[in-house]
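Quick setup: one chain, the form predicted on its own, written in structure tokens, and binding and motion questions come after.
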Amino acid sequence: MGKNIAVIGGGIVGVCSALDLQQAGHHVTLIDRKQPGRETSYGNAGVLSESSVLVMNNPVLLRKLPGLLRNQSTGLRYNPLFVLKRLPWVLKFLSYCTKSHAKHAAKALRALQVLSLGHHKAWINEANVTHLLRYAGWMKLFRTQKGFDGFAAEIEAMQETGVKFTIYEREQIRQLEPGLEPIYEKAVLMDETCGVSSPAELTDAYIAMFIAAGGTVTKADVTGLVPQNPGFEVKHSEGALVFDQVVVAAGPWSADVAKWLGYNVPLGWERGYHMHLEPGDVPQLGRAAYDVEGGFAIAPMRQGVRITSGVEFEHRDAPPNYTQIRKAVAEARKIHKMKGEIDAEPWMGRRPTLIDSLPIVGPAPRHKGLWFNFGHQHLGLSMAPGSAKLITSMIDGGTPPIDASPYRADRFPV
């Protein structure tokens, strides 16, 4: 008999959780204050990755720290006052910059991404939105040999986890992407990575399937979570509802929800920005690409050419700082001809990141029927279906499709 389940959070992770649970025979209500998929899930480069296996807090980051302290990088910016206020979290984050953790995390990320990509493809086909799917892969670009040499740790991690990729030289890059200026010495193409031309439309398609299967979407701001005997009362701006079980998938707000029940989750935020530009009169890109030394991604989208910035370490709710994305757009114009800006102002999102850069996917340690599914950093789109499958299997009392131990909540003293 199906359970009455609430999923708190309408990003791609919450939407996939709700969809998979509903298709498994449960009665699911998805609760979010906004239209699903319009927060952090909206603004990424549309990459469905099975190759993003090297976490940010790896040994290379420690070697780069002196240069990053100048706070001039397009790939990573920070607010010094915020870092000082969050220094214990930052130091714990840096404490995971070890080779052993990088190997452990790479294996865990790869497993979740491979699982997710297969289910993305199945759901995309089921939703009849195959026009959104690109099989052309995901490419990383290097302006210099030195920049490519600095990618060695990621290449090693990809090789150790079975990622298939191809290295291209300058002339091959020109043939592969004639719309790029010929400034790149090397490129690494992730052969099996896919992409979508509109993350928002993909989320809408999944929501349509969820509703068609009998699911309910409630647009409300969740304001409280109270244990009952049994179940939980979910308080929100439109009233209150009681559920048998609750899945917390509220992205960067998940720690706030967990705190209502006494959990202290070491969650931080990587803020990021994007801007759409009108395509220029040159061949358009066939895939999303990341300029590693430039610190920005460029992706062909249905809305236009999307430029995304790197990471900004700042408080989740601080006012936007457009310096990073403005610099990224200026750099992107140098490598691909584009026309005017489409957006009135840049978009900003907040990526939820735990101190070890792995998500929490599994039961809350002290409350039966409470489940955590958050902390996917900038890989929420790439890991959402797999995370959903893990949660559903645990709720149903089955065997998870992959080893779920790396994502346990109790790996931290929460």
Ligand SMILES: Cc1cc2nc3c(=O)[nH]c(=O)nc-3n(C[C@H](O)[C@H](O)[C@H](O)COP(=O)(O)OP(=O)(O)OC[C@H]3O[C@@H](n4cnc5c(N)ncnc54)[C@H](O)[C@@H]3O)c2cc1C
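Computed from a prediction, not measured in an experiment: that's the story for all the values here. Residue positions are given as counts along the sequence shown, with the first one as 1.
Below: the form predicted together with this ligand, not depicted.
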Flag this candidate site as yes only if 92, 354 and 367 all have a heavy atom within 4.5 Å of this ligand in the predicted complex; otherwise mark no.
-> no
Give a yes or no for residue 252: in the predicted complex, does one of its heavy atoms lie within 4.5 Å of a heavy atom belonging to this ligand?
-> yes
Answer with yes or no whether residue 51 is in contact with this ligand in the predicted complex, where contact means some heavy atom within 4.5 Å.
-> no
In the predicted complex, does residue 18 have a heavy atom within 4.5 Å of this ligand?
-> no
Evaluate residue 349 for contact with this ligand in the predicted complex, applying a 4.5 angstroms cut-off between non-hydrogen atoms, and reply yes or no.
-> yes
Partner-free chain; cross-checking this ligand in the predicted complex, the single residue of 272, 75, 266, 147 with a heavy atom within 4.5 Å is 272
What is the one choice in 185, 343, 181, 221 with a heavy atom within 4.5 Å of this ligand in the predicted complex?
-> 221
Mind telling me which stretch in 354-362, 55-63, 29-37, 385-393 gets its heavy atoms within 4.5 Å of this ligand in the predicted complex?
-> 29-37
At a 4.5 angstroms cut-off on non-hydrogen atoms, which residues of 126-143 are near this ligand in the predicted complex? List them in order.
-> none
